[in-house]
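Two forms, one protein chain; structure tokens for each follow separately as structure 1 and structure 2.
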Structure 1
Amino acid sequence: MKQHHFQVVITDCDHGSIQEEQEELDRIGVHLILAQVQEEKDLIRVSREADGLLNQYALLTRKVLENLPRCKVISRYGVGVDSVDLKAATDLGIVVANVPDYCMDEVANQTIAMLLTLIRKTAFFNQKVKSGRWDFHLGTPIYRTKGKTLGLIGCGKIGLEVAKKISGFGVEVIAFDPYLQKVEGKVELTDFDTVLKKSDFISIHCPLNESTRHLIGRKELQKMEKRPLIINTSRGPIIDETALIEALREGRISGAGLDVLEKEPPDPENPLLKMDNVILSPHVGFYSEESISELKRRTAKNVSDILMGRWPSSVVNHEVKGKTRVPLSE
């Protein structure tokens, strides 16, 4: 019988097969358990003996983590780690890792697809033609894209990819990112208010945390002098949805493309569902067959790296260095 040196639990995932994870972790003798649980007590029960966790949506609270004496690593399927109590993990010596760039191309394309759909009103016209109305006047005015300004809120890897792609359309790019001093490519770093005031289009690419929750609220929407189109392919709660709906109704912004919402799926009564100048998609920006396969493999590799005593390629809680539950080499 095969000898297992470690136990690793997948708390929850919605990817169907776990073949890539199994292949990666088999190499180091892992007994892999797919738990599919989200309740606190169930997470503690299934993970108590785990050396590592792979996690998608289940909330890993301080209480859960304090009950996992053997856990050395949590690897999140994806970029955001808002499902993990990072401070608790750091206090306990647990490394939290993510996969920050597996879907750069997909999210950048989703952003630009939504933006062009709104600029050229393709979804709107598609609806009209299919309901028997062949009249371009229904969608006027439409403005030229070339020469306009896109403002990025957050200019990490995905933001930069959007900037690179959109520049082919003759669009200038400015960006606000408090964590950057300089940026590559044709992007001008500026302050938050300048992005709000000068942008014809605004696209959000920052993580969700306490400082970015409702970063775009009533006050910020009022500063948007050019009635911009707003695209959000990041996290729903970065925009105060009530304030956004109000700004759309009052015509203070021209439209919105939202791949993410404050409540997913939305309430059937959500006014955004009825607005012609709003396009919605079901948090699909990350997805392609290739990106999912890469994500699964790399999420598992973060765990195998730690269990083999190596730092993984992307650690989220850097403060854990020097107090990890397992000695690690670079």
Structure 2
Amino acid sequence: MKQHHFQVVITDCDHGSIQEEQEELDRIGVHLILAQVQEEKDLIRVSREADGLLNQYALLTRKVLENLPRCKVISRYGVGVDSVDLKAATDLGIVVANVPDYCMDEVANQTIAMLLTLIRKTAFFNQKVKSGRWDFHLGTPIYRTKGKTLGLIGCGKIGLEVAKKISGFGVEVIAFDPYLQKVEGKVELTDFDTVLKKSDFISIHCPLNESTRHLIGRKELQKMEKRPLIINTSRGPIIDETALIEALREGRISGAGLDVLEKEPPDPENPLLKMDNVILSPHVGFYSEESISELKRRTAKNVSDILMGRWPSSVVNHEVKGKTRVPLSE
């Protein structure tokens, strides 16, 4: 029988196969268990002997963590770690790791796909032609991209990727990001109002938090002088949807491409669903076969790194340094 040195538990996940995780952890002799549990008592029961956890949504509370005497690492599928009580993990010497950058290319492509779809009105024309109307006049006016300005709100990993990719279309990129002093490439950092005022297209790439909730509201929409197209592939509540609907109805905004909404899925009577100049997708930005495969592999790699005594590439609770349950080298 195969000798297992470690036990690792996947508390829960919403993907079918765990082949990538298995392959990654097989290398270091891990017995991998897919538990699919959510309740506190079940989490404790399945993870009691675990050396490490892979986690998606199940809440790892202080009580759960206090009952996992062998656990050295929790690795979260994806970016957000709100499912884990970080303070408790740090107190107990458990490293919490995540995978922050597995889908930059996908989200940037989703952003540009939505932008070009709105600019060239491809989704609109597709509908018209299929319903028997062969007439490009139905979609006028259309403008060229060259010389237009794209304003980014947030210029981190994804915003920067969008900026790089769009440069081939002759679009100038300006960005508002209060936490950056400079940005690589041809992006001009500027203030929030200038982005609102000068942009022909606006794309949102900041995180959702208390200071960005409804960052784009009625007042901000009124400052947009160029009747811009707005793209949001970040998080729905960053835009006040009621104010956006009003601005779209009044023609102050030319159109919107939204991969994320305030309420997902939207209510069937959400007016955005009926607007010709609005295109929607079901929070799909992160997804490609390759990105998911990379996510699974890297989530498992975080665990194997710790069990082999190395810091993983992305640790969330840096304060745990010096009190981890296993000695770790950089």
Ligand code: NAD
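We call the rigid core the largest set of C-alpha positions that still match within 1.5 Å between the two forms. A quick note: this is a predicted structure, and the numbers were derived from the prediction, not measured. Reference numbering: structure 1, starting with residue 1.
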property: Between structure 1 and structure 2, the form predicted alone; result: 1
property: Large Cα shift (2 Å or above) at P69 between structures 1 and 2, core-fitted; result: yes
property: Threshold 2 Å Cα movement between structures 1 and 2 at L261, rigid core reference; result: no
property: Relative rotation of the two rigid parts between structures 1 and 2, taken as the smaller one's turn in degrees; result: 17
property: Core superposition result - C-alpha of K41, shift between structures 1 and 2, Å; result: 8.3
